[in-house]
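We begin with a single chain expressed as structure tokens, specifically the form predicted on its own.
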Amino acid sequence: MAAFAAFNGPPHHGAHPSLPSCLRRFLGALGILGGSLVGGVLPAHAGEVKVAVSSNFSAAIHAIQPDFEAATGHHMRISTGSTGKLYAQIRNGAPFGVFLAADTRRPRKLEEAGEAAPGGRFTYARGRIALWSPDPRQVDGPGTLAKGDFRHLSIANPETAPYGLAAQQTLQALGHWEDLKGAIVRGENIGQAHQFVASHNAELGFVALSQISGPNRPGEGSRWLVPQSYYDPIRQQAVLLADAADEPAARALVDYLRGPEAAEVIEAFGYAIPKGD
């Protein structure tokens, strides 16, 4: 009732009458659409790209989505999971157009199998891992692992998740892989590994830096940013899949991810931008 009362109220006499927010958004959208059509920005046939995204990159791709859609007119449909599971789905015929993996191995295998479009594989980010706890007193460096002052340590499954493999390599480098096996709880992917810690089902865990350092993330708790010398580089590669090679929306997404606007968002989530990969 309050909204109708405001709409039917007395007219305003300023240069910009106050309108209900929904009406302002509608008129604004018409203005944007008109300007875009005049400028030839929107494609003649806007399409949809189905993109398979590794869990660590979920927040970043959702941050990229509105700008991509505004810039191209195409729509993005996002599915997230571990790199290994998404790869298996693609090999079994899942109709994705673009695959954003957390490693280089699966994208390369898709290329070798003829399932990637020529020239459609590239590194879009370099990831990092951190040992993290919501408790500001829990993590003070690698010595936290030696203290054993916890019951559960969360990591992603090293068999399917590159961030889980990086966690395993870190524990092996520090000499704790064997003695902490009884405390390790495995998430299906890095998203679930993070959730175990965030929900306090594990006191601490190895997570993607992007999960605790992106925009609008307050940096709660305590962390140790693991030196990259402890694990193999996490080079995250994208693939334009062969079946989508002629789809404008899929090609537009690949081009956008290579551009400066996407790079700015990716860096804001704690990733490094590769050079020359």
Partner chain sequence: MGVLSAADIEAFRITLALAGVTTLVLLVLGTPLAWWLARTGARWKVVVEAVVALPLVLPPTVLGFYFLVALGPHGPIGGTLEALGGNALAFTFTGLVVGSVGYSLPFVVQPLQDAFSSVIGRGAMEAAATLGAGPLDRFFTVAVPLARRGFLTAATLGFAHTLGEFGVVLMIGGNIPGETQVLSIAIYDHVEVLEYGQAHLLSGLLLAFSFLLLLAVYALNNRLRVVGV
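For clarity, every value in this text was computed on a predicted model and none was experimentally measured. Positions refer to the first chain, counted from 1.
The same protein also has a form predicted together with its partner chain, omitted here; what follows describes it.
Asker: Go through 72, 133, 157, 170 and name the one with a heavy atom inside 4.5 Å of its partner chain in the predicted complex.
Answerer: When its partner chain is considered in the predicted complex, the option within 4.5 Å is 157.
Asker: Please tell me which of 128, 176, 108, 85 lies within 4.5 Å of its partner chain in the predicted complex, judged by heavy atoms.
Answerer: Flagged contact: 85.
Asker: Using heavy atoms only and a 4.5 Å cut-off, decide whether all three of 192, 195 and 202 touch its partner chain in the predicted complex.
Answerer: Checked in the predicted complex: all three residues contact its partner chain.
Asker: What stretch, of 115-123, 95-103, 144-152, 162-170, brings heavy atoms to within 4.5 Å of its partner chain in the predicted complex?
Answerer: Stretch with heavy atoms near the partner: 144-152.
Asker: Given that its partner chain is not shown alongside this chain, does residue 185 nevertheless sit within 4.5 Å of it in the predicted complex, heavy atom to heavy atom?
Answerer: Close contact exists here: in the predicted complex, residue 185 approaches its partner chain to within 4.5 Å, heavy atoms only.
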